[in-house]
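Only one chain is shown below, in structure tokens, and it's the form predicted on its own.
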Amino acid sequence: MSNTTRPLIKPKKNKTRIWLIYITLALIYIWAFSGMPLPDVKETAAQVSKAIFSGIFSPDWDYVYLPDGEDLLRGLLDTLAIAILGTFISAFLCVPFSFLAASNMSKGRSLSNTGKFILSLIRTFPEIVMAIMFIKAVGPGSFAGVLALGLHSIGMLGKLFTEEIESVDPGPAEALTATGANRLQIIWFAILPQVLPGFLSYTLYRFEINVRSASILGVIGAGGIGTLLIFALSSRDWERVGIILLGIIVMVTFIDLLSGYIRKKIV
């Protein structure tokens, strides 16, 4: 017997189908962009763009610290304080809603659905919308940013905490129930030890997000480094814009690395 292997022949139908998909996508993009009006480019666009890039890549190092006024360090510390307070408030206030929304903790399905609906309703509104509402209520500043981040994070952290509670091992709770423990004792000795590492990990992860959000909220007047950034942009002080952006990058990167290291140790 001769061992002859026939060469594999690739079906042409697949190639034809792939080319038809590519051509269809290309036609859709051409049709979509053909209806867009061409933007009017000003004569000074090249000069302004050159000034922006030259300023951003040659930052104002003297603005890092000013003894008699607002500077980069004060703005970053303000942003960090807003993120810490917002995360701290939400981490405590979302716990009751999380136990209410957890299906294995609520006595009835209606209570669980009500808790989940409340958490969904809270996280429906973005931080920037809540910040605008709180600015109208309490005035511009860091306090409005803390309230906006704290309230929005209740919905986000509450959802994660609820999933963590629903995934616990029911064995310890059933053992305590058999010994006659009440509901508070079951939660304290059987549920919390299981969910606490997850709670801390999710809180640190949310803190990372809140640091970025706090930097953005200042643009609309909710305090933090964003306020200094919008002032520098308004005055076209591109060297100052460059040092502010550099400070935000360094702060966010450092917090991400530190938070990731702590979360690995916890989990």
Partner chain sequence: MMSTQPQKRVIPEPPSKLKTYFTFFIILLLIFGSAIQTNTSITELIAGFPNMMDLLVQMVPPNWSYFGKIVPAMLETIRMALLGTTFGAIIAIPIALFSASNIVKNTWVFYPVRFILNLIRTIPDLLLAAIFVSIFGLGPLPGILALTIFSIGLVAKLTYEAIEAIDPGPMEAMTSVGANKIQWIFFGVIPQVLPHYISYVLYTFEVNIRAAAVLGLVGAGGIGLYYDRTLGFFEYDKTSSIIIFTLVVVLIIDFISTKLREKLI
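Since this is a predicted model, take the numbers as computed values, not measurements. Between two forms, the rigid core is defined as the largest C-alpha subset superposing within 1.5 Å. Positions refer to the first chain, counted from 1.
Same protein, other form: the form predicted in complex with its partner chain, not shown, and the subject of what follows.
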**Message:** Within 4.5 angstroms, counting heavy atoms, which one of the listed stretches 96 to 104, 171 to 179, 187 to 195, 119 to 127 is next to its partner chain in the model of the complex?
**Reply:** 119 to 127
**Message:** How about Ser215 - does it come within 4.5 Å of its partner chain in the model of the complex, if we only consider non-hydrogen atoms?
**Reply:** yes
**Prompt:** Would Tyr202 sit within 4.5 Å of its partner chain in the model of the complex, counting heavy atoms only?
**Reply:** no
**Message:** Can you tell me whether Asp78 touches its partner chain? I mean in the model of the complex, with a 4.5 angstroms heavy atom cut-off.
**Reply:** yes
**Message:** Is Leu111 part of the interface with its partner chain in the model of the complex - any heavy atom within 4.5 Å?
**Reply:** no
**Item:** Residues of stretch 240 to 255 in contact with its partner chain in the model of the complex (4.5 Å, non-hydrogen atom)
**Value:** Leu245, Ile248, Ile249, Val252, Thr253
**Request:** Once the core is aligned, please say if the CA of Phe254 is shifted by at least 2 angstroms between the shown form and the other one.
**Result:** no
**Request:** Take the rigid core as the frame of reference and indicate whether the C-alpha of Ile52 shifts by 2 Å or more between the shown form and the other one.
**Result:** yes
**Exceeds or equals 2 Å, Cα of Trp61 between the shown form and the other one, core fit** = no
